[in-house]
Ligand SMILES: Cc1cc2nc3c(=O)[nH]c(=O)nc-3n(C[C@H](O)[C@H](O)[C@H](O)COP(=O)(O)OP(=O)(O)OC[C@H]3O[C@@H](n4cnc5c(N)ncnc54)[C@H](O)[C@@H]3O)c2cc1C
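In the form predicted on its own, a lone chain appears below as structure tokens.
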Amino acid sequence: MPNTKSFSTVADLQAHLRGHAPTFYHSSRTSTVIPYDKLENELKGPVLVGDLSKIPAEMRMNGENLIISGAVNWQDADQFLKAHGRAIMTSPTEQLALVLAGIATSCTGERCFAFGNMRQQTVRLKYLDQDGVEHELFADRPFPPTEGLDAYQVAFAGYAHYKNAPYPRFEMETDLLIGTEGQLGIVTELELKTTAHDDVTHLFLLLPRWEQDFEPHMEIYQAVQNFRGSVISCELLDSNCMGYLKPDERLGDGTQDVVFLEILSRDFEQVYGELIGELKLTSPESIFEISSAKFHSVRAGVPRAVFEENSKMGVKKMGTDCQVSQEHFADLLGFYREISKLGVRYNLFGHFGDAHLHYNYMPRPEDTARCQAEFEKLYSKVLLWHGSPFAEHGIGLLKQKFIKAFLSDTQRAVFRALKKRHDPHSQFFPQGFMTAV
């Protein structure tokens, strides 16, 4: 492990920043694109690891908005809001991840289907610059003039409807820190929109295995698009995921795919009648209600188990984070079906309603090269489909090889200008994608 420095106060962090030491900052160590157990092999040169998880957590309300500073995780934010009759609008699978780290990667979570990404939920933020000076940015102010920005924003326009594009948006002031993975400063405070704490009802729909027939899946995907707002989230766990759960946690007979719907209870009757009425390939006998606690337990249990098994096998996580347009969702599923024939264990889960799924190989060490080759083919297809290769978890260190084809001189020129202005000493994540790719 590289040399690690923990910060117990913002003042400690400010003093460190004034020294301009190259540092990779982290908090909850939950990122899937950073190999924390192998950082000594990934962080080349004299780079410190800065631990932000000890900075005191604080939360307060500003009307209906939530203000967060320090090491607040999503679970604590959710509980705090419930006490105020409000609810978080983002629900990452890993509830112990820290909220401010979620800004750095623009994490989205299940509820993005109704409420959009972190950028759309951010009202304002504060951050520390290269000299430890705190600044405040607002989401209703335009991004400051930057060399090459006009061409950059024109290129971005085709990705505007995705959760996250292959590169940050850079349209409003707060975009400087959203999705830039800590390469331009460190977020110290965040003001987020919240929603009313309404009762929700969870359904799950049992489907045939997508490898054999994904027409029922596509029918649900098409139907649910008309109910955004009443349907808060639409998630998939395929039949392979059921094997990671205890027998009493599995849904159905454990050999079927499961699509989950989180629906506002006040709209449930209407949504159930209209949405289910559109489904011709899924019978009402395959639709069941599930408790909120059971849903969250099952939904979170699979990704955690995948991560733990990869760690035991001694391999890096080999999973995808692709989002495509509605036009190409069936193409994506078809491609996943083809690469599932490699003879390596796999599973598929994620944010089904957004055409944003995580396909995970579960390789033995000797399988990794073959799996890597299949993913290279996938990212070539995603580029052709004008999709987003990493729509949720960022690029980090593990995904840099695959992002190169999605970047041109247009994006790199803006990256250079921003790094020169905001990180002249190359002290913020010096091996991040803005300089490494």
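From 1 onward, residues are counted along the sequence shown. Keep in mind it's a predicted model, so treat the numbers as computed, not measured.
Not pictured, yet referred to below: the form predicted in complex with this ligand.
- Only one of 89, 207, 107, 324 lies close to this ligand in the predicted bound form, with a heavy atom inside 4.5 Å, and it is 107.
- Contact with this ligand in the predicted bound form, judged by any heavy atom within 4.5 Å, is made by just one of 332, 98, 125, 237: 98.
- Contact here is defined as any heavy atom lying within 4.5 Å of this ligand in the predicted bound form, and by that definition each of 29, 36 and 52 is a contact residue.
- Residues placing heavy atoms within 4.5 Å of this ligand in the predicted bound form fall in a single listed stretch, namely 296-304, out of 283-291, 215-223, 195-203, 296-304.
- Using a 4.5 Å cutoff between non-hydrogen atoms, residue 186 counts as a contact of this ligand in the predicted bound form.
- Contact annotation: residue 93 falls within 4.5 Å of this ligand in the predicted bound form, judged by heavy atom distances.
- Proximity of residue 168 to this ligand in the predicted bound form: non-hydrogen atoms within 4.5 Å are absent; the residue sits far from the partner.
- Mapping the unseen interface onto this chain, residue 262 falls outside it, with no heavy atom inside 4.5 Å of this ligand in the predicted bound form.
- Residue 351 is the sole member of 337-353 found to place a heavy atom within 4.5 Å of this ligand in the predicted bound form.
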